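Given as structure tokens, the chain that follows is alone and in the form predicted alone.
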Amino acid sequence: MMKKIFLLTFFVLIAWMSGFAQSNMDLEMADLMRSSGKIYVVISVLLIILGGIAGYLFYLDKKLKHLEKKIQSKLNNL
């Protein structure tokens, strides 16, 4: 019960604070970056970073599956 109350309070607090985060200054900065073309650089860098993280996760998954098969085959041979 206490956990539910804490989570509800946390989400209400986050929602309340997000209202203050949206100011006119943020829109001016976005318009400035869009007009100078820098927004495309930011989006490109973010996509490269997210692609790298996704690629690394797929690589780890492939390695883990290989190790699981190796362990399973050793257990079956016992």
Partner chain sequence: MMRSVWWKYAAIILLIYTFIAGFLLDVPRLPILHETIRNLYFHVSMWFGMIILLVCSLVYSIRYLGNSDLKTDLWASEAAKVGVFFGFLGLATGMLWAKYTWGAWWVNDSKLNGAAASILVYLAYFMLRNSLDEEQKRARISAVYSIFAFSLMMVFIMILPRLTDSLHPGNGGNPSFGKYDLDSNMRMVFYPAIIGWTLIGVWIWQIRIRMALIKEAMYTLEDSRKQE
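On a predicted model such as this, the values are computed, not experimentally measured, just so you know. For the two forms, the rigid core is made up of the largest set of C-alpha atoms that agree within 1.5 Å on superposition. Residue numbers count along the first chain shown, from 1.
Absent from the display: the form predicted together with the partner chain. The rest refers to it.
- Leu7 falls outside the set of residues with a heavy atom inside 4.5 Å of the partner chain in the predicted bound form.
- The partner chain is not drawn, but in the predicted bound form it has no heavy atom within 4.5 Å of Lys3.
- Contact check for Tyr59: a heavy atom falls within 4.5 Å of the partner chain in the predicted bound form.
- Although the partner is absent here, Leu67 is a contact residue: one of its heavy atoms lies within 4.5 angstroms of the partner chain in the predicted bound form.
- If you take 45-72 and check each residue for a heavy atom within 4.5 Å of the partner chain in the predicted bound form, you get Val45, Leu46, Ile48, Ile49, Gly52, Ile53, Tyr56, Tyr59, Leu60, Lys63, Leu64, Leu67, Lys70, Ile71, in sequence order.
- Once the rigid core is used as the reference frame, the Cα position of Gly52 differs between the shown form and the other one by less than 2 Å.
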